[in-house]
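Okay, here we've got a single chain as structure tokens, the form predicted on its own, with questions on binding and movement later.
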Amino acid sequence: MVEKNSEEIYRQACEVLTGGVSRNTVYRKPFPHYAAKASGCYISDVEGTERIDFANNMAALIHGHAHPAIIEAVSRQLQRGTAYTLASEIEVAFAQLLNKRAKSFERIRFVNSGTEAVMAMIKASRAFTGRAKIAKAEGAYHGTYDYAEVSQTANPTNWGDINKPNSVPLVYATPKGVLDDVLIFPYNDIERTIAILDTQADQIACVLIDPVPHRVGLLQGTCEFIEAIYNWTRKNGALLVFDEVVTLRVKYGGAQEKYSVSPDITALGKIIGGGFPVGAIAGRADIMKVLDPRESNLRFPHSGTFSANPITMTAGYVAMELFDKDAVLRLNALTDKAIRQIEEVIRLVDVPVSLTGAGSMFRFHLTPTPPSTYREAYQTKEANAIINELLDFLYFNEKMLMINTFACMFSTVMTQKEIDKLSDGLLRAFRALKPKIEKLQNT
């Protein structure tokens, strides 16, 4: 077999794949690079270049690539079959393991992606409450379900008055009915959010919250904000639902462990798959009954060809068993040390850059102080251009891969060695781009 380079592979890809890719995330100009192999926290492309992977497949790989324990368990299961029109015992064991992590997890149902989990969570909320509308934060990403993606990319030209943000479509020709059924509120703004919710209090099925929303700015939801939303839902017969597809990594019991109140349902994904496609919803037993086939009045018939397939369940079980309380604490401590080193780099270079985040994830902002709202965190075209230059500098010069929002998601296989390389690489990147970053602040 003749070896090919990324440019050649992409040229062939454009003849059979729309845009040459199956997910826009991996596209980069003039062509994406193609992975050849990956192990631990390192990934190599077909040209043979090895990079430290701080993206971990968009936060999905909590133990990095090709973890030996996961490979061994999955290899054994492969010989017994990959999917059946029968249940598998590992599904039960995995549910038992996950349900112990958070007090709000009473019953669980597995699906195939984070998007599917959020979709099922919204539909379950509607089925339980008998209401159609949802409320979500401006700028928050919750996957690709029509309702969940409203105002995901709202910008100054269309986001409207902060006291009543517009419901902005992401995809061209999104039905108006979808937009009308989604109320948008400013994250962490109690007064404005409650006022917005009150306008349609008897029609809202659920308030959808990501406790550390990446696209909003990787800003942690304040205890006061989460408690205020929880109290509002109790008063008005709505559900509080959390999207912890990304944030389950923040603490052993997810980001929700921080709060004195618990969500009614939680959507899960990414790290619980052990490197395989996965999603789940976990929540109150009485609410989850809407999916129960034993009910005489089944409100939410639900199935899925590959839901709870034994390969994903096996990989997920091993991954989450390994990601125990001690592993969470160790990874968070390593991340804290990395942040301290990076903040020292920022002071040394004297560049207007700040960080936000929680647990084992953080994001950079080209501002001297961290943003506190989505509208503050919103990046102009000029800012995006500089961020892309920084990412390219790190990718090509420093041999490291980050998430395209200029964010890092750590894995348990990282060590001080990788942290030192990260801070050294950022030192050189910030020095190289400092004039452009400073100019951005002055415009």
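Residue indices: 1-based, along the sequence shown. Note that the structure is predicted; figures quoted are calculated from it, not measured.
There is another form of the same protein, the form predicted together with another copy of the chain; it is not shown, and what comes next is about it.
Taking 400, 55, 413, 387 one by one, only a single residue has any non-hydrogen atom within 4.5 Å of another copy of the chain in the predicted bound form, and it is 55. Think of it this way: in the predicted bound form, another copy of the chain has a heavy atom of just one of 368, 175, 237, 156 within 4.5 Å, and the residue is 175. At a distance threshold of 4.5 angstroms between non-hydrogen atoms, residue 89 is in contact with another copy of the chain in the predicted bound form. Another copy of the chain in the predicted bound form comes within 4.5 Å of a heavy atom belonging to residue 123. Residue contact check for residue 270: one or more of its heavy atoms lie within 4.5 Å of another copy of the chain in the predicted bound form. Another copy of the chain in the predicted bound form comes within 4.5 Å of a heavy atom belonging to residue 34. Between 156-164, 194-202, 177-185, 250-258, the stretch whose residues reach within 4.5 angstroms of another copy of the chain in the predicted bound form through a non-hydrogen atom is 177-185. Along 8-38, a non-hydrogen atom within 4.5 Å of another copy of the chain in the predicted bound form is carried by 9, 10, 12, 13, 14, 15, 16, 17, 18, 19, 21, 22, 23, 24, 25, 26, 27, 33, 34, 35, 36, 37, 38, in order along the sequence.
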